[in-house]
Every structure is written in structure tokens, then in C-alpha cells.
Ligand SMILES: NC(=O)c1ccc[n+]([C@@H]2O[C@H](COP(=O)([O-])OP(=O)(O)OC[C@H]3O[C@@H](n4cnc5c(N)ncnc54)[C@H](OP(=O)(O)O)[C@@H]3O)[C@@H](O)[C@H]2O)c1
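A single chain comes next, written as C-alpha cells; it is the form predicted on its own.
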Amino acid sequence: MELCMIVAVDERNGIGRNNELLCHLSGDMKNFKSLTSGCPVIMGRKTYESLPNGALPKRVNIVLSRDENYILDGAITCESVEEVLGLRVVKNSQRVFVIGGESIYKAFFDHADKLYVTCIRHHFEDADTFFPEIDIDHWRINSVSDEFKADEKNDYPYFFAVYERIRGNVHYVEDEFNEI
């Protein structure tokens, strides 16, 4: 299972304000739908409650909440990161996406293998929630798209970046094994 995070950030890693996205970019929404369709998605209670139509279609929705009595139609509820990671649907999926909010990104960040980041070329002064800093000592950029200009469907320019966690030197370990 590959644990991925998908997020849209402004120039200061802002992701939201007042429990809403900073902006709606049509291109970002299409990318989100394309990447996450058919995959389990993990989110916090506030993120789930902010969805305009409830559970996201064509995805297993997993909601992390501290309230053990929090029950949802169309979603699996869990109380801990460990419980989420232990779910059969998570362990048996090729790819799983963490979709927010801030505390959920922080809780799963050390478990993530890949980051799908929409970089918005704007600084939102009123952002009140943020994505964790991406430390280049632990992450490498796998790909970066061309920049998309602002247009009638996208109020701000943006681009997509994909990061992969840097793992230990596998070849070194294999070479040592072969020498024995």
C-alpha cells in the first residue's frame, strides 16, 4: 500500500480558512478527482463535514474522529491513525490518499510515501490552516507540471508537484548482502 497525500497549498503552505479551501481551482479539482477516484480517502471530521454533497463518490471514505460515537452514512469512522492503517480496505489497496485537514496531514505525515501538491501562486493573508513543511532532506521532487495560468475557471496560476519520500540506500544493503 502506498500512502499518498493530496493537497493544494498557497505560497506559505496555507491550505484553508474558516474550514474551507482557500480557493476553488477547476484544474485542481479535476486532478484531485482523477487521482483519488477508486482509492480510499482519509480525512478528518471537519473536512468530511465541509464536503458539499457528503461522502465522495467512487471512493471508500474514511473519517478520523476522536468521538467514538461519530457515525456516518457512506463512511468508515476511526479513532486513531493506527486503526485507519489497520483497516483491511487500506492494507489491501494499492494507493490510499490523505485529503485533510491540517491535523490529519500532521498525524499521517510520517507515514506518507508520496505527496501530490497543487502549488497556488498566491499568498492568502487570511489562511488559518497549513500543510506541514516539506523537508528536502526527506523528500525529493519526482515531477513538476508546467504552470497553468489564471483563467475564467482558475482565479490563480498554479502547478502540480509530486514528491517521493527518500528511503534508505537499498542498493547498498543489497550489495552488502551479496558480498556475504
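Numbering starts at 1 and follows the sequence shown. On a predicted model such as this, the values are computed, not experimentally measured, just so you know.
Below, we refer to the form predicted together with the ligand, which is not included among the displayed structures.
- Residue contact with the ligand in the predicted complex: I15 places a heavy atom within 4.5 Å of it.
- Contact between V162 and the ligand in the predicted complex is not found at the 4.5 Å heavy atom cutoff.
- At least one heavy atom of D67 is located within 4.5 Å of the ligand in the predicted complex.
- Among heavy atoms of N61, none comes within 4.5 Å of the ligand in the predicted complex.
- Against the ligand in the predicted complex, the set A8, L21 and T47 is in full contact: each member has a heavy atom within 4.5 Å.
- Residues from 86-121 that approach the ligand in the predicted complex with a non-hydrogen atom closer than or equal to 4.5 Å are I99, G100, G101, E102, S103, I104, Y105, A107, in the order they occur in the chain.
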